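Next up: just one chain, as structure tokens, the form predicted on its own.
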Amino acid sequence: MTAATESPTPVPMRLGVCYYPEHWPEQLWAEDAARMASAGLTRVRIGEFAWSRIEPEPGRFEWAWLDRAIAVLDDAGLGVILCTPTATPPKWLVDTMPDMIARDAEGNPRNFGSRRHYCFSHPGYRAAAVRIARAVAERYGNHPAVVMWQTDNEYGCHDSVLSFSDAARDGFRDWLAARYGDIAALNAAWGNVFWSMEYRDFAEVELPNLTVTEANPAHWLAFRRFSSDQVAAFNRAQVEVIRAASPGRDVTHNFMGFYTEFDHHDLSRDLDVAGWDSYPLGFLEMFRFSEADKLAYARQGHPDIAAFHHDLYRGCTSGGRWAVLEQQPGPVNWARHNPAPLPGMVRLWTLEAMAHGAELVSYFRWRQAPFAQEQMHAGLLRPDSVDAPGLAEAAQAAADIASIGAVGVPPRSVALVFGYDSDWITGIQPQGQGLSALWAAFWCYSALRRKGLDIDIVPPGAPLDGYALVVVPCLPVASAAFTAQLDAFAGEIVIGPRSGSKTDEFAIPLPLPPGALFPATVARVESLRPGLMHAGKGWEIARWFEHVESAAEAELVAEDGAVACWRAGKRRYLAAWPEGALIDEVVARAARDAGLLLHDLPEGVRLRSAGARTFAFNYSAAPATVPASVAGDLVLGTRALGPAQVAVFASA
């Protein structure tokens, strides 16, 4: 990565907004820009869906309107984050190469009429994407108002990473040939002697969809790796032309929540800043939360949704630089149910991003659109330009940020290890409903946060020096280098289920799991249907259980003798799915043994340390009090936190 700034000096977090000048009469632009600046916004993100206005016909560019829009924003003192418009190729381009569209797993075309209607593997579309990115970058690369670039928009949104097109099939065959060298090596690696699946040539390999029953899991894993590489290569091609035409500017992309279809660590090697789009209420409604949580946090979002992704994406770039490029300011339009945020939550979400080290929070969007697909998605303004509730909260957050000032880096306390291929493996062969490595990581993270701990989410192989505790929730492929890292680590370690359970080619390793990760043998595994469990003292083994043979200490034993957690020295092995009271107990024991300070937090209250500051957030709909164990002088708020309120403490 060629970063514009490798180790930036901490500065107060900036606020911005997503704006679409092409959607509004030009006479509104100057008024909009002035209102943005008066609210404390300093960055404006534009252009990600504007290809048809930039190039309305092949080779005919219309720059004048965009020139004027950027000039208006610049005149108001606003820095521009300019996006490449490749998420929405125009109709004329699709008509010139109709096979550029992706196909779903059933072979159906993903046609023009909304967005993300392209296949990452199509060479013609990749060339067209580079061409438009180069044109925009050469036009505005040295414009003083353009301070950052964003590539495309939400890679993979609407299930668009896995394409089953002819272009993807041909690209996959080439990828396999480069990886395995000859077809005999592929047959051996995949175990293709099973069910007579052996190939004579790479040209015989099809995509793993539309098989009569389950395709070879090694075939699926290879296809997922290929598809992830295609996204990274597509992004890299744009980054290269941007860097050539616009030296010194940062490049980012806006990732999504609970999304693992490509390796974000891999793609982020080409970015300076990892961005993501934060929609806590929509994510609560659409993902795997209980009905009780969906009611309790309906207007706040689960207390760990935003924080988990802040720390995940902070761990993606080598410099730890990250941003929120879209922040929910009101009801969204895409969830099953779309409530409004509790008063104060837009401010809380903003300050929580600051506590986790964000460089920027950008609200989506400035004005609610009265037309097309997102007309029910709230903005900072209503469609009639009257202030929406989020605008006042954004302005209040800007004032709070100015009063708090720059925050330092978070302490190294707990490292939580997560690899994207772990989620691919548990998705391809779950062996039980809903047993996902991503969600194992989330529930471990949530358990640590409920104890008031600070967590870094890091990929396998990231440096572990300085941490007191390492938690590995679910890592099916554990390389020799990673196990050597753990051997050299001096602190406490928690290893979760299924770790070390697969080779790099999706086979069961010998010796049996967890191998070198823990002195034990997993003799057999079972997934448990709802209601089938092993009860412990205040905890239970549910959904997944591993029968382990080991001379290690049986630390947590259920009433019927089933061992939930084993301990050998400073390592623990969890033989059950990491969730509920069980993971709370395991991480609390490990954290105490690591010498970490645990806090008895009220329901819904969370903490985050940043330099000499400790932030406290109340996600509950009821008042709560920050416990006395949180030390320091108050610089914002009070210990008595109302719903959606924030307090900030400064250590001496």
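Sequential numbering from 1, following the sequence displayed. This one's a predicted model, so the numbers in the text were calculated from it and none came from an experiment.
Omitted here: the form predicted together with beta-D-galactopyranose. The next part is about that form.
* To do: Please name which of the stretches 148-156, 543-551, 411-419, 194-202 has residues with heavy atoms lying within 4.5 Å of beta-D-galactopyranose in the predicted complex.
  => Going by heavy atoms within 4.5 Å, the stretch is 148-156.
- Query: Would residue 112 count as touching beta-D-galactopyranose in the predicted complex under a 4.5 Å heavy atom rule?
  - Reply: No, no contact at 4.5 Å.
Taking heavy atoms only, is residue 49 within 4.5 angstroms of beta-D-galactopyranose in the predicted complex?
-> Residue-level check for residue 49: yes, a contact with beta-D-galactopyranose.
| query | Hey, in the predicted complex, does residue 567 get a heavy atom within 4.5 angstroms of beta-D-galactopyranose? | reply | It does not: once beta-D-galactopyranose is placed as it appears in the predicted complex, residue 567 has no heavy atom within 4.5 Å of it.
- Query: Can any non-hydrogen atom of residue 134 be found within 4.5 angstroms of beta-D-galactopyranose in the predicted complex?
  - Reply: Judged by the heavy-atom cut-off of 4.5 Å, residue 134 is well away from beta-D-galactopyranose in the predicted complex.
*Heavy atom within 4.5 Å of beta-D-galactopyranose in the predicted complex: which of 334, 287, 92, 489?*
It is 334 that has a heavy atom within 4.5 Å of the partner.
### Query
Tell me, which of 326, 263, 270, 579 has a heavy atom within 4.5 angstroms of beta-D-galactopyranose in the predicted complex?
Selected option: 326.
(message) With beta-D-galactopyranose taken in the predicted complex, which residues across 358-381 come within 4.5 angstroms through any non-hydrogen atom?
(response) 364, 374, 377 sit within 4.5 Å of the partner.
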